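The chain that follows stands alone, in the form predicted on its own, written as structure tokens.
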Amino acid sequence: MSWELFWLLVEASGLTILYSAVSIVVGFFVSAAVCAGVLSSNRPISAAARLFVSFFRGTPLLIQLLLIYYLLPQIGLNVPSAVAAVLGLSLCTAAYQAEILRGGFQSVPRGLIEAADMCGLSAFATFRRIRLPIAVRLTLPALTSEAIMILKSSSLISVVGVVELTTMAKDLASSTYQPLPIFAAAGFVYLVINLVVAGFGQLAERAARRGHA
């Protein structure tokens, strides 16, 4: 396989990284809200949040992407394929991140929350300044693993017409009749990306431990 073909894969990986990064960040903010809903004492809110988590964890990402892609036009929302792809990835990872954060929130020392109440902090301020930072620090390894899973799962967004690394590999393999070297190269690019993400996750864990110390 020529360097020109390999470079096309590298360029396509930039879109994979972009879609995945945006989805992970958006999904994190959605997951924080969903997690708060799951832990809420309000039963309807808690039930709705649990239903969200159950649906997006219990159905394949491929089905979710297709449902979003074909459902939005039916309700009058004609969005680009890239938006549908990011929306699907974001909602899917939000469900998993919400469960990860839930475990982190339940591990926050009760004494810290009681101390915040005694200091007069509101429930939202306690959530934003105490519970959420501690939960994130406790769950960084799991959140890093989820980020890697979304990076790999992003290969499915080709079904909604988005060109990314896997789509480019398929196109090149069909046009050059060199499937083995091209897919091997694509796998190598995925591996490098995920190793970098894992490395950043470890750096974040060390920084969090130093900050806590």
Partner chain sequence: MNALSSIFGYLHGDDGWNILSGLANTIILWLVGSVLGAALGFFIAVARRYGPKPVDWLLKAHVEVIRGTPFLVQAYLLYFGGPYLCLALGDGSVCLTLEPFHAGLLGLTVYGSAYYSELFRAGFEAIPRGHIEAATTVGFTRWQTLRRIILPEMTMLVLPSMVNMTILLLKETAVLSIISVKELKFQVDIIGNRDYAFVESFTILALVYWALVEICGAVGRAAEARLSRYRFAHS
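This one's a predicted model, so the numbers in the text were calculated from it and none came from an experiment. Positions refer to the first chain, counted from 1.
Another form, the form predicted in complex with the partner chain, is not on view; read the next lines as being about it.
Only one of Ala33, Val163, Leu67, Ala47 comes within 4.5 Å of the partner chain in the predicted bound form through a heavy atom, and that residue is Leu67.
Contact here is defined as any heavy atom lying within 4.5 Å of the partner chain in the predicted bound form, and by that definition each of Ser54, Ile63 and Pro181 is a contact residue. Although the partner is absent here, Leu203 lies well away from the partner chain in the predicted bound form, with no heavy atom inside 4.5 Å. Using a 4.5 angstroms limit between non-hydrogen atoms, Thr144 is distant from the partner chain in the predicted bound form. The partner chain in the predicted bound form comes within 4.5 Å of a heavy atom belonging to Tyr96.
When the partner chain is considered in the predicted bound form, Leu77 lies well away from it, no heavy atom lying within 4.5 Å.
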